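The structure tokens that follow cover one protein chain in two forms, given apart as structure 1 and structure 2.
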Structure 1
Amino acid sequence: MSRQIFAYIEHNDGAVEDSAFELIKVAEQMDPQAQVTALLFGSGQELEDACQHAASIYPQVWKVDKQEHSYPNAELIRPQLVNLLPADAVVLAPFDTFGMDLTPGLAIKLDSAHVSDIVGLDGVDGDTLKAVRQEYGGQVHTHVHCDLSGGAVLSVRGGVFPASEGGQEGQVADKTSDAGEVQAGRRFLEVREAEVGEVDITKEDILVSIGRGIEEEDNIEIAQELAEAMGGVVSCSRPVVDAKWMEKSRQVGTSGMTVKPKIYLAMGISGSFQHMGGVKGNPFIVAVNKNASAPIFQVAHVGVVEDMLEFAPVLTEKIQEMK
């Protein structure tokens, strides 16, 4: 019998996030015959639009429409998922700040197995899922076995699995009444947008992003020259902001800005999930790092094992010659 797999779908402004296109491919890798259902929580027309978008990817969509879900709150959503899901359900969710809040407690309430931050699958043998995680900042790959017979809650790192092209004509089912009453000890107050600096990196098509490998503030000029040659701007990872070498508005990551460039050149960046969680839209990623084991190489389309301080000036010169 086909396994029941559910995917928790994040959405914003009536459109599903990029993770929605990846989670269904994860489900198909686990079981090509599985019944995959998208789970969407929200309210009003924005939820309706997101459900229609999800239905172009998933054969079946369940929606829960409550005013309390106008902003995602794991404490509200978790008990409602328990009311909706069958006992042996396999639940997929993105491994991001919200997923880290939602999934561990959900696994406990469902009395299911839990595996977080999955970066690969080695297949399913009967009821045993063979998954790959990363440890020690991506320096070590861990192969774990997960028993799916009693259900499981799995969070998946974004950008490491292929994305579906969609093309479905799925059905949307209203599960609001089945979800039960909303009860929680915390409530949403307001959204405070991060300040936008002199450059809005969220609107740039080309980003040259620098990390610890820049070594010192004076070397940022090297990245700026490369960015100007490419027609882009410089962004950075958190250590550069913590050192006060660049303003917060230039930081990419879960604690910084979310960007959707066409080209993302990561220079001297290890590629932790906190950083890559801020890179959306499946850009063409080029990674330059002298550490051949850096996790950034797991998601990069092109990888260069080299000191960025030596590589960047050469690349800048070649681009200028081409122009």
Structure 2
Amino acid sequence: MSRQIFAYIEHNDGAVEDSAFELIKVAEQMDPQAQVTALLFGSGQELEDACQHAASIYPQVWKVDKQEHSYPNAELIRPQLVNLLPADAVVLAPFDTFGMDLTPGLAIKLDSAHVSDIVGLDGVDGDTLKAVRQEYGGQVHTHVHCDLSGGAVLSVRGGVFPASEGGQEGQVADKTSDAGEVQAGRRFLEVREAEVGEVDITKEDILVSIGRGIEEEDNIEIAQELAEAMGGVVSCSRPVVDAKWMEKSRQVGTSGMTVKPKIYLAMGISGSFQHMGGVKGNPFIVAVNKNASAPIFQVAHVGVVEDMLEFAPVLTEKIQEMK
């Protein structure tokens, strides 16, 4: 297979993001001989530094250096990628908030196939890529076949593929003049930082975390009592914040806080990757869920298959007795 593989590289402060180390491994799983090209958009010294970093991982680096790219705007970058890429290219990108903005439209504009949120690969057979995805918040896995013959745009979940150790001495090529005009119907204005709440869950050792299984706002009390008995605080998953039952600053996950507790007691949380993406530092994870096949039981150390609304008060009582 001599298909050209490209990897879209995100970078920050002159260093590439972790995904850069993983996407090359994805490319190598598709084709061990692949000469993978890293694609970087940005401006000035920050971009230059990031390209040097990328060249330690990728044999080839293409950079597009424009003032307009100093903050990455998928709407500006997409048409430029269409100008730069060969029609049957395989393009890899991270499945994150930037990737979600970029890749579906890119696949259409390149007239290529699109597979998002890839979590595994079973190799390439002729023109068919065999990928693994998840559906229903990780409750089931699927095998997916993707026709690569007309090119493909593939977004990859972070943290599931191994990371490359680097050690490349890649070449950086300046593709700025080939990228064409920068024009889009969307103009970036600013980034507003998330609000800080009363309680800083990122600094807590013990978190009692509640999800949709809490069912009603009034039930939060039972989690608070449990957290109090344990000497910790209550955090939550996204639906609890969406319902306005808890502050955003209590939300654990990729679009919330990254926590590093010693104990993470998750009750009524299914364990979506966007939630678990915020649980770091290898805590002792306990899951309480009434569904024995909830994905959270795959990452938890200890599981309790019970109704959390009944179990939590019993646990609180036992803690008070046995402390």
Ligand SMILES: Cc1cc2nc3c(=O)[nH]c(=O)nc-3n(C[C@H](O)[C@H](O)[C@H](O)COP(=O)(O)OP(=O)(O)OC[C@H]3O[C@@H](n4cnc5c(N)ncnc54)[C@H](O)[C@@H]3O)c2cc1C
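These numbers were taken from a predicted model, which means no experiment stands behind them. Start at 1 and count along the sequence of structure 1; that gives the residue numbers used here. Heads up, when I say rigid core I mean the largest set of C-alphas that superpose within 1.5 Å between the two forms.
A.B. asks: I want to make sure I have the labels right. Is the form predicted in complex with the named molecule structure 1, or is it structure 2?
C.D. replies: Number 2 is right.
A.B. asks: Inspect the rigid-core superposition and answer whether the C-alpha of A312 shifts by 2 angstroms or more between the two structures.
C.D. replies: Result for A312: yes, a 2 Å-plus shift.
A.B. asks: Is the C-alpha displacement of P261 equal to or greater than 2 Å between the two structures once the rigid core has been superposed?
C.D. replies: It does shift by 2 Å or more.
A.B. asks: Superposing on the rigid core, does the Cα of A74 end up 2 Å or more away between the two structures?
C.D. replies: No; that C-alpha moves by less than 2 Å between the two structures.
A.B. asks: How much does the C-alpha of N289 move between the two structures, in Å, when the core is lined up?
C.D. replies: Its C-alpha moves by 7.7 Å once the cores are overlaid.
A.B. asks: Taking the rigid core as the frame, how far in Å does the Cα of E217 move between the two structures?
C.D. replies: Value for E217 between the two structures: 10.8 Å of C-alpha shift.
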